[in-house]
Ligand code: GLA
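A lone chain, given as structure tokens: the form predicted on its own.
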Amino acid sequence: MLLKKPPMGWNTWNTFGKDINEKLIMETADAIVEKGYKDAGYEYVIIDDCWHLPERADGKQVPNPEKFPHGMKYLADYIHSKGLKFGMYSCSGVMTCENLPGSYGYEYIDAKQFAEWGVDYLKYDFCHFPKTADAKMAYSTMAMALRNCGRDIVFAACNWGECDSHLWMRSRGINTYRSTGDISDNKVSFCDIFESQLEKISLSGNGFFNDMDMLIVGMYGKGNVALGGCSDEEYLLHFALWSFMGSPLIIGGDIRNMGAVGKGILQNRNLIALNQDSDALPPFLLGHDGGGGKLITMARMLSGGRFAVAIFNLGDDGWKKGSVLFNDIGIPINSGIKVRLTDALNGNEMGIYYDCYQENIEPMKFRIAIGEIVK
């Protein structure tokens, strides 16, 4: 099994789009190490679309020599020398989303080439997919090609939920799956994505993770997917949602120039520990007020007999009171069992609770508490 926990890393697309090159990737790899991101758990350095030329040569994809003059093996070796892992991008269609060569019909050739370059992670998109083709077969073909390329390569499928992909991708050997549209740098986008996954999240877990798209923390309305930007508090909520859901944590901002607040959010060790819990179980929904209030309560079983409970207020129409009955997570009411709760954001102890936990939550705020039975 390649992935026991959700992958953590960085991807070029959200900030840089087409404007990528060797220097940018190497500087970012340096920053991941020097600025503490590697120590926090981030390890994949992933190049998205626009790394290659418009035509294949001898059936193989060709890195753009102006952007990557030393080639991909050189770049992979540099990233590996930093103790990091190298990720790349291709597409299940005949072309990528930016109209460069896709892998449709070339799956085994491309998988072998990626392995020779030292690739550790493949993001696999769904643009320009033939209408007469079968998505299951296409993703199965690349999965089989990767499994036989001679190198362990994480298969990160990005087909936006087409063809009910969340129902069959685990069985095809995919490691992470996208069942959402692309994220934009604003609160409406990340809240909509989160809510869209509430009924699908139970399929996620050890070895197969629901990818809710790349993080927008610290972008502040700048970059390739910038549409409005967010406040620091909204970025914190965004990171907390992704952490609680067990989504891959793939940074989309410019790590080289990330501000102190954004860096602090992305390196919050308590939220990362929640995301990276060794049991890797998905959360489950307790309550969802979708009638304008946007009050959502959830729970998640953790390693060591612990659990997490969460109250999210995604609305903007005032404080909302959230309530979690411990009976709903397996602790019977009136059992006399005591629960100690700790704030997942800062590690502060919240006290001892019986039967339930309730709290009023401000708009666009949250509370995540780690619970353990007092024995």
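In this text the structure is predicted, and so the values were computed from the model without any measurement. Residue positions are given as counts along the sequence shown, with the first one as 1.
The form predicted in complex with alpha-D-galactopyranose (GLA) is left out here; the points below concern that form.
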**Message:** Contact with alpha-D-galactopyranose (GLA) in the predicted complex for D182, defined as at least one heavy atom pair within 4.5 Å: yes or no?
**Reply:** yes
**Item:** D192, heavy atom within 4.5 angstroms of alpha-D-galactopyranose (GLA) in the predicted complex
**Value:** no
**Request:** Give a yes/no on whether D125 approaches alpha-D-galactopyranose (GLA) to within 4.5 Å in the predicted complex, heavy atoms considered.
**Result:** yes
**Any non-hydrogen atom of I251 within 4.5 angstroms of alpha-D-galactopyranose (GLA) in the predicted complex** = no
**Message:** Taking a heavy atom within 4.5 Å as contact, would all three of C97, W160 and M214 count as contacting alpha-D-galactopyranose (GLA) in the predicted complex?
**Reply:** yes
**Message:** Within 4.5 Å, heavy atoms only, which of Y89, Y235, F209, W242 is in contact with alpha-D-galactopyranose (GLA) in the predicted complex?
**Reply:** Y89
**Request:** Would you mind picking out the stretch of 89 to 97, 253 to 261, 272 to 280, 197 to 205 that comes within 4.5 angstroms of alpha-D-galactopyranose (GLA) in the predicted complex, counting non-hydrogen atoms?
**Result:** 89 to 97
**Message:** With the partner left out here, which residues of 33 to 68 have a non-hydrogen atom within 4.5 Å of alpha-D-galactopyranose (GLA) in the predicted complex?
**Reply:** D48, D49
